[in-house]
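Quick heads-up: it's one chain on its own, the form predicted alone, in structure tokens.
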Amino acid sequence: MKTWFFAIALLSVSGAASAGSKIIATGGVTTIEGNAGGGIVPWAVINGYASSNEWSATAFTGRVAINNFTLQSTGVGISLDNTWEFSYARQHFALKTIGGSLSQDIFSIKYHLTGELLYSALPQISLGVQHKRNRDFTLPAAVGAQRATGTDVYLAASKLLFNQVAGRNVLLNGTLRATKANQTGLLGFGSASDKHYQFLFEGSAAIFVNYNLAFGIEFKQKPDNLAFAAEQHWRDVFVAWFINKNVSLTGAYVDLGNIAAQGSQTGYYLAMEATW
């Protein structure tokens, strides 16, 4: 973490690394799963600031600290031509009160299908695929998960609406996800009684106070496959500060409901992203 703080502070002060020609904040931030979006919901935007015939790279680290658990997520991404996004994230979930940990790798691809965030009446629409691999299946298997690997597919639509609230711009996003993941995959995929994909909604709304500071909310539906404990929907209230095109910081209050039979899990999310 100290290395991350130093690198991002250096980029923030210098602002020297070329990040592409897209307008600031139009790449969103990086979610805990490694995709461009908010904190917990992927958006249709492509990460970084690469426009046509450009490429950009991102690196991020984020931490969720709630009552009985912590989640550390770190990863990298590459975008091409404002059309393709490729990313990798490693998640480590520490079980503070009951001991042990869970972790998974997430390999993702996103493709910009049609529309534009800013310049068309049609929202920007993108198709994403996330392949997730649980790194230790012992605990997920013990609580009834069927598989250690799974693939989520989502369709996201994002649009920036100009001068909507007191002259401020508003971003709206809706995402439809097909998934079998238990706790986003940290507790494996499916169960003996529920082996099928479920189609779930995720949404975000944000208001830009100015060109580089946004406040927003997110909601994420979750499946409920495992009999041992109910899985509940997630929500957050966030602030994203795009210091420049090279650095962004995100903070949020998160409510993740009951997790693994532990009571209501609330706390904070803090993330840093660097873009080149």
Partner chain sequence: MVKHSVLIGACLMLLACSNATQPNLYQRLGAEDGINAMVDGLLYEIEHDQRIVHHFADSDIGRFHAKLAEQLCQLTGGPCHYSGSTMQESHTGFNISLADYDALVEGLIKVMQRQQISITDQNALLALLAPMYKDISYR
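All of these numbers come straight from a predicted model, not from anything done at the bench. Residue numbers count along the first chain shown, from 1.
Another form, the form predicted in complex with the partner chain, is not on view; read the next lines as being about it.
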>> Tell me which stretch of 202-210, 100-108, 86-94, 144-152 has a heavy atom within 4.5 angstroms of the partner chain in the predicted complex.
In response: 202-210
>> If the criterion is a non-hydrogen atom within 4.5 angstroms, does every one of 51, 82 and 166 touch the partner chain in the predicted complex?
In response: yes
>> Considering non-hydrogen atoms and a 4.5 Å limit, which listed residue (192, 129, 118, 122) is close to the partner chain in the predicted complex?
In response: 118
> Taking 4.5 angstroms as the cut-off for heavy atoms, does residue 222 touch the partner chain in the predicted complex?
Replying inline: no
>> in the predicted complex, does residue 23 come within 4.5 Å of the partner chain, counting heavy atoms only?
In response: yes
>> Going through 213-251, which residues have a heavy atom within 4.5 Å of the partner chain in the predicted complex? Please give them in sequence order.
In response: 245
